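Subsequent text provides structure tokens for two forms of one protein chain, presented individually as structure 1 and structure 2.
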Structure 1
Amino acid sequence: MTDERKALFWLSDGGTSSDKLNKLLEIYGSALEVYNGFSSGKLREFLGERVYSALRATRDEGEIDRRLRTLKAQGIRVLLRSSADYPELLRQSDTPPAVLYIKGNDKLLCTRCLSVVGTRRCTDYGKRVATDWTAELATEFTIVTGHATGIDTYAAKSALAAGGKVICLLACGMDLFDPPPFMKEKAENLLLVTEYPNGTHTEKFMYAERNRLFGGLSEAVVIVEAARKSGALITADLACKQNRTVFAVPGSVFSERSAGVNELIRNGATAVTSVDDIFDDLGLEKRGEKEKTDLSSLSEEERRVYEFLSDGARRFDEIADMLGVPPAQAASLLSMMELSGIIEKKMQNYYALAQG
């Protein structure tokens, strides 16, 4: 074989861990050298009998070509670290995957990314922060998150519903993840990413291994809600080691599910109490600094809507409930405010103050 790409795919697809694969490339200089020197006893000892046997069974070049064709037919692309479109932030991290398996809108890897993660067992408070904040953050960033229930899922769903874009990091093989309906409906705005080959079932250690990619792909990580033993804290720790900003949303001192994130703040994470805090710290124009709306010119109902939206985008049903009026009356009021340039309608019935 003379194709480095095929050799690297063979090493990854055979079950070689990311850590061992990177060490092999450092020692041998290339995947081709590993392929050509496969009979080495030292290599067998280094890889372990299980991985060595798997690689030996799949070493036929024709079989490698067949598996690559199968992935292509499934819409899965094999992205090598040497590829020009491999995300630069990730390439510069301590342990970048030598191979990524990606499916969906691969242009998202070249966009400005922000990770939003948190506990699976979130409270209504955490759900609201993840939902409301992410809808706004998605106007400036591609949201990077996981596929677990809880904060990650609420963040992904909210970003996509607001017309934003999402990179979902998997802790399993691409073929073992069945995207939920809300992802399938917005497939053009979604990219699935994993470093694990097809057929790889999730094991506990994979979540910790996967979590380094949140900081690797993003310029900052937002931790919404997390207990003291939450995997989100591992993400925060790894992001710090990658010199990424870690934003932490303060929670109740009486809530165990906020104990971890409050501890992050105590240990130096940046506390944020609004989306504007995040935008400001990352050098984006702080919203609300345009000419302010003259509230005295608004009706009582318009002023209530304006103040309600001052804390972030809201769904139509939330606004109608707040006003205590029938949906038809609320829709008429919002239409007039939109025509006046006071508010603007986002995707999926979200409304926000107009940004000018």
Structure 2
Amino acid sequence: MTDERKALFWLSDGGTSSDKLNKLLEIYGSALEVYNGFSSGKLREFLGERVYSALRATRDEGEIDRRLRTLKAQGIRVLLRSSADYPELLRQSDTPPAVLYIKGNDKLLCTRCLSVVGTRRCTDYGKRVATDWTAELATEFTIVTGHATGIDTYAAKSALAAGGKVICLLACGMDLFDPPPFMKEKAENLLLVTEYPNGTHTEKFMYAERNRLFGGLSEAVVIVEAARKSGALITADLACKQNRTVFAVPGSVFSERSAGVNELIRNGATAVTSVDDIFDDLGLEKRGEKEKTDLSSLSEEERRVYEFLSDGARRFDEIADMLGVPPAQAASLLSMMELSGIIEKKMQNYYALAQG
């Protein structure tokens, strides 16, 4: 065999981890060298029995071609580090995977990426941040996130719903991941990425291994909510080592599930309290101030409500008292203002000026 690319695929498909694959390339110079000089006992020791026997079983050009064809039929592309569209940021990161398996819109790899990750067991607060912020972040960035429940899923869902683009990093073989309906609906805006060959089942260490790719692929990482021992903290750590900015969304000091993020902030992560903070830090224009509501088009009462709410959300009772009208009239007025998009109803009878 003379094709270096096939040899690389053969090594990766056999289950060689990115770490070991990189080392092999360093020692042998190329994958072909490994392929051709395969029988050595040292190699066996280095790769471990399982990978070694898998490689030996598939060390045949016909078999490699067959496997490549199967992948192609499944819509999975094998992306090599030498390829021109291998993301430049990732190439410069720590332990860049020599082989990536990707499926979906592969143009997303060349866009500006931002990771949004957090705990699986998120609170309503985390869900709101993930949902609201990601929708806005997705207007400028491709959102890189995982497929776990909690923050990752909410971020992916919200970005896709807002018409944004999403790269989802898997911690298993491509064939073992069944995208949820919300991903299938927007397949054109989605790219699934994994460094594991087909048939690889998730194991705990693989999450940690995968998490380095968040930092690797994106300019910065946003940690939305994480408890003290959350995997999101590993992501932050690895991103930091790769010289990426880590944004942390602060939470209540009493909330267990924000303890990890708050600690990140204490250790020097950038605390962000709005999407603008992130845009600002990454050198993007602040989003234009929301168009001022045209006060002249409002009725006298509507104007009073507008001014009353400009200091922040108010309860129904306070608004009715301020206007000095019966509740029925206030309710009717507030509905009208809601329909005009001037105000928004919040939970527990709060009303606030509409956001953007």
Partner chain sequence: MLAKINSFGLQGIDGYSVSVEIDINNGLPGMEIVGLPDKATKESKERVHSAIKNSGFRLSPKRITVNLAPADTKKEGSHYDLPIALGILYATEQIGENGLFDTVFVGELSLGGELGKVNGVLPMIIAAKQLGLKRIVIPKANEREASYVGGISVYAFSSLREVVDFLVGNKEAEPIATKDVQAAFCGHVAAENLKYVKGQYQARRAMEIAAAGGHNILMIGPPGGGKTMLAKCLPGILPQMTADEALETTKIHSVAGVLRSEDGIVTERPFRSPHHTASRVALTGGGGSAKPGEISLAHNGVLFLDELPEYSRSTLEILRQPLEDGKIVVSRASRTVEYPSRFMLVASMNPCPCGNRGSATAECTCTPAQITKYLSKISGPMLDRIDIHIEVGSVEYDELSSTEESESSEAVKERVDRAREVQLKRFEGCGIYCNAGMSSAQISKYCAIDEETGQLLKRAFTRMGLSARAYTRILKVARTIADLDGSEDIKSKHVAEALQYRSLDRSYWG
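Residue positions are counted from 1 along structure 1's sequence. Everything quoted here is computed from the prediction, not taken from an experiment. Take the two forms, find the largest set of C-alpha atoms that superpose within 1.5 Å, and that set is the rigid core.
Problem set entry | Label of the structure corresponding to the form predicted alone | Structure 1 is the one predicted alone.
Problem set entry | Core superposition between structure 1 and structure 2, C-alpha change of S310 at least 2 Å | Shift at S310: 2 Å or more after core fit.
Problem set entry | L25 C-alpha moves between structure 1 and structure 2 by 2 Å or more, core aligned | Not so; L25 is displaced by less than 2 Å.
Problem set entry | Residue shift check between structure 1 and structure 2, rigid core fit, E301 Cα at least 2 Å | Yes; that C-alpha moves by at least 2 Å between structure 1 and structure 2.
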